[in-house]
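Given as structure tokens, the chain that follows is alone and in the form predicted alone.
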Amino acid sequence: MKTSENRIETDFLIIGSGIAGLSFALKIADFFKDSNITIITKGEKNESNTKYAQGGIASVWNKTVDSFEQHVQDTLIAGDDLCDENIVRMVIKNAPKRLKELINWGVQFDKENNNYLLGREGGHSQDRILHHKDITGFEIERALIAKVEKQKNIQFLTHHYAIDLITEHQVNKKKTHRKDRITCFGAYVLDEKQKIVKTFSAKVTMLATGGNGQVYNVTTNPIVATGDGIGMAYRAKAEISEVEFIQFHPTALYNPGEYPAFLISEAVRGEGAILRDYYGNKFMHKYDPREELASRDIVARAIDNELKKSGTPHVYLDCTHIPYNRFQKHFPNITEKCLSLGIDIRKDYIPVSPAQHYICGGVNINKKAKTSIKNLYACGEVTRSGLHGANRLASNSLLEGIVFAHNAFKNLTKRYHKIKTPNNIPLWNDSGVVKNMEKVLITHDRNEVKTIMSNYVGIVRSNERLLRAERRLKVLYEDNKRLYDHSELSVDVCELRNLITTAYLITQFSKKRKENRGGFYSADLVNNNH
């Protein structure tokens, strides 16, 4: 890697440190041994949505009872006929190979009598979730970071925040349009500790920035999930689609004041937990024959409906009939969390309510993880790959990340030698900015985005709600643009810019959707359900 002043040249620039970015880095480092690979992440090394994944990774493992076809059909049904079936088949067929690689890299999935324990979650017809207790994502991050740190050709930079992708717009000072042939040459990155903007030029840029949960008041996502990848890609004129499909996890622990919301894994319902309303009555049989194991969009809407009917703040998850030793063994983290709040699952119900959990759309990619911008790849939650359709099947997200990271790597083994080193990349220009920005303005606007989205673009939407959201977000956009253009750069002001952008995109795509599918539901389209 060449460095001079604030200019850094690298062969591969990876933005994000979850399962997608890290697995891609490991494969590239092993194959292109003479290349320079730079991973940047805006927080600590392991702070990503991957870390918070509790349930596990779905894969056909026990072929005596399960099959690729069953996993394919479960995924297509959950996606409400909007999945790309070819992509679904490709991902599911490749799942066992990619999981074996994770195991070889040191990820320890739970075993019993030398056989992997397989869980089941909503929407799955078979037990096929490999997991590590109820902290699977944390275990995957641990193993991958340990492996990455041993690679001599990977540099891992923490507290480096990607501001914008570099394209012809910056290099040639020419206005680019979404239909143009655009190339990515790297990214402008804020070194938060040194408080300088560095210019990273790269032959290949990988966008693996995760989701955007922070646009909602209640989310299971960490505070770093501010839609940065979608915001950057949109400004660079990449194709974006299906961001109206927001998945709300049905069972976040109801604990006002805790942020982000603590997730009660879907695997708990897979173990037999029962949903009960505020007064202790079962209700899922009224909504779906699969009851508690219906897909997430159905369960979340059912809970939302029960809460609106009763005017109560939460429903309950009843685990009292599950053998305590088994529950404690499979869900030690959840058991400990409940006990810390005085909830003994042997006799107490767990209060739960829905929380924003996942965005099913994003930056368009093909099966090779290529975006519409040349030399810009993307994988993981930041993308719309065609796997999830209108609603992601539980535990298919980590799977998507590793499969598309592998596909990107395979594609680059064939075409990397043809990619030229970018040159004439201009340094970041911060002339004309002032330093007297009021932080309270950013905090206020950030909270306003969350309130707008939660009130108007939540589990149930309507035309009137979407119009209100659009009007308020336009005002916020104008205010933030002035703030961004004239203030000293900070992570806070850049995150707010991306939050407003992704919130606006979700609203616009919601306005265009004319039928209820999966994670999108409008009260004005009740007679136009799929």
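Residue indices: 1-based, along the sequence shown. Everything numeric here is computed off the predicted structure, so don't read it as measured data.
Not on display, but discussed next: the form predicted together with ligand FAD.
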### Message
Each of G16, A20 and A208 within 4.5 Å of ligand FAD in the predicted bound form, by any heavy atom, yes or no?
### Response
yes
### Region of this chain that lies against ligand FAD in the predicted bound form, out of 377 to 385, 345 to 353, 191 to 199, 69 to 77 [heavy atom, 4.5 Å]
377 to 385
### Message
Within 4.5 Å, heavy atoms only, which of S59, T502, T41, T38 is in contact with ligand FAD in the predicted bound form?
### Response
T41
### Message
By the heavy atom within 4.5 Å rule, which residue out of T167, Q214, N391, S397 makes contact with ligand FAD in the predicted bound form?
### Response
S397
### Query
Can you check whether I28 is within 4.5 Å of ligand FAD in the predicted bound form, heavy atom basis?
no
### Query
With the cut-off set at 4.5 Å between non-hydrogen atoms, does T220 touch ligand FAD in the predicted bound form?
yes
### Message
in the predicted bound form, does Y358 come within 4.5 Å of ligand FAD, counting heavy atoms only?
### Response
yes
### Task
Look up in the predicted bound form whether H160 has a non-hydrogen atom within 4.5 angstroms of ligand FAD, and give yes or no.
yes
